[in-house]
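A single chain comes next, written as structure tokens; it is the form predicted on its own.
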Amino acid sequence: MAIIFDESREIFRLLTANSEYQMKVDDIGVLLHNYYGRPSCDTDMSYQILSVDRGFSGNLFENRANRGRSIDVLPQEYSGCGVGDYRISSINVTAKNGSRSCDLRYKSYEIIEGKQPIAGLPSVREYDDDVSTLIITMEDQVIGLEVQLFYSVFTDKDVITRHTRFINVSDKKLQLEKAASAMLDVQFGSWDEIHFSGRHCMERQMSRNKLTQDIKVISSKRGMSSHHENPFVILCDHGATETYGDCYGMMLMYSGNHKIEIEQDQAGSTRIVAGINDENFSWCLEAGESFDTPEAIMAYTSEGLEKLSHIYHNIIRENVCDRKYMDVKRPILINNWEATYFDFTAEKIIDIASAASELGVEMMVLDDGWFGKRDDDNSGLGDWFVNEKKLNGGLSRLSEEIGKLGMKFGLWFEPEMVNEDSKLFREHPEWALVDPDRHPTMARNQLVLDMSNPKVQDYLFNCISNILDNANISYIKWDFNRSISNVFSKNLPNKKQGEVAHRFVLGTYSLLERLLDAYPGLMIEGCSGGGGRFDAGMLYYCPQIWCSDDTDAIERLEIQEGTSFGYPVSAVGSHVSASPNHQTGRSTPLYTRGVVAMSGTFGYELDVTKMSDEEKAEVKEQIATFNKYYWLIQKGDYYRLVNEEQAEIYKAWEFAAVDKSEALVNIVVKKSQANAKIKIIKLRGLEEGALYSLEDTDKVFSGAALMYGGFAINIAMGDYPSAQLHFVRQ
């Protein structure tokens, strides 16, 4: 069994293929965290929790005679607030009488087969996996609050998902002001924390820091998961490498304001608390009401960062994203944005599509500017009706003409936004998030619609449905191009304004769910100025997300590598763009741009009508290459191959078949050097005793030689040279 409760020892054991998570109910009902690591062979790991009297660490009333039993230092499953644990709290709650204390004690448990969905929120899908769920109920009898801790164990995936439900069982109102999804206390170890920070056009840059006695906060209050701090952290051994060391992952499945806090305390233990950002958050719990938090995806491995990545890649590819996309090849697309920006006609789009179809491109995506009064980014958002002055014959004619070329047709939307200069805003100014009696903060001359308002959701659903019903559209690019501010809803009473930011995210999820239910053949690609909402919550609805608005291949090396620590290549939207690049002005060979873009869903974002015959021939070859390796790239195990010392000189990464039958190695030189050192690439994921031939050569190597000796390559001349090496088992 994946979940075992030992009544004699009051121990809960959660078992995956390679890990064990252990909890214990102590003699006064405190739920202790015993252990998370490799299987313990049925050992009660609470022997590691020693009684130590630490100054200024008080005691719960029942333990007042035992100063070593302090709530301030005990490893717990879910911390209360205001009762003597001075570390990060998992909950803040205000009772009717103004009290802000919460002392949670164990009440009961339930084990069920399978996994329950979370109403209104995305969560990891069960499908046909071996999954069981533990529900532990904690209570504070004084204020009448029950807190249910949900643990779903995906045995074969080495994953435990967690979320929390708060139930007001009193006859008085409670005000939640912090509601964490999950907490993890780790008593011992010398740890580094890894998080993925950045900015627009440079998302998810890995940052690794040794923990000291302080509190680290990774958060967003922008109304989206953000370009700046991704809702995913890793806690790893200070000496951990790609292939060695204990690693814990905590990924929040949420697309809004989030916070992950990491504290190393006075005794050297480490606590991680993850959930909705509590800044400006509150939730009114009337008598009998409940509140569910977003889900957290938790994983452990003793085999280093590479293995942790594989665990997350598998669970996202197979259980977060809709599985219907897993075995269906996604079309290679061309997007007109960097080719035309707002300046296009139907004829121009058809010309691009016609030229692209001859090269093997399978879908034409029309980006911003096709609707309302939209000749720049200052007007038109919200007016989701076709501008037939630009598109003679409308989208029906355009999609029909593109269909004649044998191509699918896709369309850009930015549903959650509105311009002041729009018909929608003039008719419904109350639908925008704006503070009363205050000028709003502007960004790109657009405001944010109140997605917490069902009328707004209905309007958008009807507009988008009308477009989909009147043209042959199989794909939507769903954009979100500003951070949220002035978070005030005219649709909610004053006492509920702290709920607006979360209700906004719930409204977006609801609209996505409605559209996908109504149009089951529709695929939606997520986008937020590129990677501003690259998170597991959006991936539940969108099997791929535009990785970054930065299409420069050399910059993308860093962005895509950072993304790879938690997210699979099949989720990464990546295109070949023009050279010089529109964001950096850098000139990069077309071949190298192709190598980098193939580490994603692959497509083009340039004007193919302006390409030379030689460039078109190269594009044809790129498309043939990508199609040849498609399933290896999308489903193979991903390996980062370059150590930190060489990372500024070159990058190398590999896709290896799960059955070890083949591997594709990609190399891009970032810095060419005179009299350069030979580059040694040590492959991974091969069969030691098997022989592998290098495609298009007569060279043969053992798997052991390629993995432990490495493959030597001399590639250093010119600007940003690159290579792809395909090894096939004989």
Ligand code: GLA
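From a predicted model like this one, the values you see are computed outputs, not experimental measurements. We number the residues from 1 along the sequence you see.
Quick note: we don't show the form predicted in complex with alpha-D-galactopyranose, though the next part is all about it.
Every member of the trio D368, D479 and D549 reaches alpha-D-galactopyranose in the predicted complex with some non-hydrogen atom inside 4.5 Å. Mapping the unseen interface onto this chain, G530 counts among the residues with a heavy atom inside 4.5 Å of alpha-D-galactopyranose in the predicted complex. Taking non-hydrogen atoms only, Y248 never approaches alpha-D-galactopyranose to within 4.5 angstroms in the predicted complex. For the chain shown alone, R514 is not a contact residue for alpha-D-galactopyranose in the predicted complex, no non-hydrogen atom being within 4.5 angstroms.
Taking the partner from elsewhere, W653 is found to have every heavy atom lying beyond 4.5 Å of alpha-D-galactopyranose in the predicted complex. In summary, among the residues R125, R444, K373, R165, the only one with a non-hydrogen atom within 4.5 Å of alpha-D-galactopyranose in the predicted complex is R444.
The listed set F344, Y106, W337, F565 contains one residue whose heavy atoms approach alpha-D-galactopyranose in the predicted complex to within 4.5 Å, identified as W337.
Looking at 522 to 530, 217 to 225, 189 to 197, 139 to 147, the stretch with residues near alpha-D-galactopyranose in the predicted complex, meaning non-hydrogen atoms within 4.5 angstroms, turns out to be 522 to 530. For the partner-free chain shown, just W412 of 403 to 421 comes within 4.5 angstroms of alpha-D-galactopyranose in the predicted complex, judged by any non-hydrogen atom.
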